[in-house]
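Okay, here we've got a single chain as structure tokens, the form predicted alone, with questions on binding and movement later.
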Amino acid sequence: MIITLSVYLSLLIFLVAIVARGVRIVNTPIHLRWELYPVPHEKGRSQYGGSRMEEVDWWTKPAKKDSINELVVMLKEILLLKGVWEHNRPLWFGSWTLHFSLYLLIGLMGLQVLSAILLLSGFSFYAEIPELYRLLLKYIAATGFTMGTVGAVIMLKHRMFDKKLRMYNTKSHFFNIIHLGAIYVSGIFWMIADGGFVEQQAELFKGVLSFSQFPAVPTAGIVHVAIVMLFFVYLPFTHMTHFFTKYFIYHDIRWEDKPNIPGGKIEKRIVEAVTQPVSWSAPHIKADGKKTWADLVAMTGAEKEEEV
């Protein structure tokens, strides 16, 4: 029962922390747009690096969106880590295996939720659930755990011996990689400790969905579940939240191209931003915690000299 309650508690902490972080991001002041082109949703222009700003009075004309191309660009970045491939190729394989293994295990969780629903509906795991489906679950798990272990080892090696990366290393970088590696390795041990891994995991999800007691699993399985639950609790408070914050970085900063129309929402948000008091400690900013950004911008060079 303690294990069952721990699972619910960790999931609750994860969901609350993620939602709170998302709400905080949405309510932050408007960000300075990059305005770098091409923008993938520019229909007919992104292929050659253009933008609708090429047209006279472009802001008065409706934007033509290409949602399909935007989705393709997003999928290339999410599934293939295209940016890492283009800008830091030696790091790509380790980073890709580490990330893609997570996608496989997330997919496994989704399929096991389906398995749990079938079990709750009265299906027998071995008699009525197709063998092909059970084999699919097994191979996804084995591939995900193996790829993840390889990726964790490679990324740990890069962090330890790559001179460029070592300049930016923090303790959290090593902890994150080791923690992910522990998830993958403990999953492998669970699979080899007992041939019933797939069924036991399905029963585990069944227990979670039905608020029933934790099923009997080998010690390796309990260790694996404990490490995963700790990861759920820890993840929202780390930079690994880029799995969803990247959406805001791309859509609100990198690809944001809505025109700032007088009296529009963007103008209102800009006014709110420039009327905020500035408390930056950098001496060249001349902030005192009372002056707003608008005040500082309006100050002349002579006035700034007097502030020194």
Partner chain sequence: MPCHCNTGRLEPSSIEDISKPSEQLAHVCLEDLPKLPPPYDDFNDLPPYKPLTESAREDYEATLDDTMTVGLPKAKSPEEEKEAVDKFLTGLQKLFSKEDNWTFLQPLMLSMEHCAKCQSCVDDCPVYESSGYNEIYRPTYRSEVLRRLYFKYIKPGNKWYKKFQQGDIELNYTLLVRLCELSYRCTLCRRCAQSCPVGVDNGLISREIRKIFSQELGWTQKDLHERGTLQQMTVGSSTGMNTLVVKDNIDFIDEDMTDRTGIEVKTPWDVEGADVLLIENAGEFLAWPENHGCIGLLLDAAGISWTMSSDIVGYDGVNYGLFYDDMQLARVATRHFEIAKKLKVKKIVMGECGHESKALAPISDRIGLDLTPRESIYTLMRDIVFSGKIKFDPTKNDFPVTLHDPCNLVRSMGIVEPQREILRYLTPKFREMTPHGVRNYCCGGGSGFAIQTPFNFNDWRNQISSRKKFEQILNAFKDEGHDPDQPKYVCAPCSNCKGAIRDLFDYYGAKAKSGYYYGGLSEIIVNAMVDAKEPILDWEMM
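Residue numbers count along the first chain shown, from 1. Rigid core here is just the name for the largest C-alpha set that superposes within 1.5 Å across the two forms. Predicted, not measured: the structure shown is a model, and the values here were computed from it.
Omitted here: the form predicted together with the partner chain. The next part is about that form.
With respect to the partner chain in the predicted bound form, the three residues Thr28, Leu32 and Glu35 uniformly fall within 4.5 angstroms at the level of their nearest heavy atom.
Looking at Arg254, you'd find a heavy atom of it within 4.5 angstroms of the partner chain in the predicted bound form.
Although the partner is absent from this view, Tyr234 contacts the partner chain in the predicted bound form, with a non-hydrogen atom inside 4.5 angstroms. In the predicted bound form, no heavy atom of Thr97 sits within 4.5 Å of the partner chain. Although the partner is absent here, Ala63 sits far enough away that none of its heavy atoms falls within 4.5 Å of the partner chain in the predicted bound form.
Residue heavy atoms within 4.5 Å of the partner chain in the predicted bound form occur in exactly one stretch of 162-170, 131-139, 192-200, 145-153, and that stretch is 162-170. Shown here without the partner chain, the chain has Thr241, His242, Thr245, Lys246, Phe248, Ile249, Tyr250, Asp252, Ile253, Arg254, Glu256, Lys258, Pro259, Asn260, Pro262, Ile266, Glu267 in 241-268 lying with a heavy atom within 4.5 Å of that partner in the predicted bound form. Core-aligned CA deviation for Phe243 between this form and the one not shown: less than 2 Å. Relative to the superposed rigid core, the position of the CA of Lys290 differs between this form and the one not shown by 2 Å or more. With the core held fixed, the Cα of Lys258 is displaced between this form and the one not shown by less than 2 Å.
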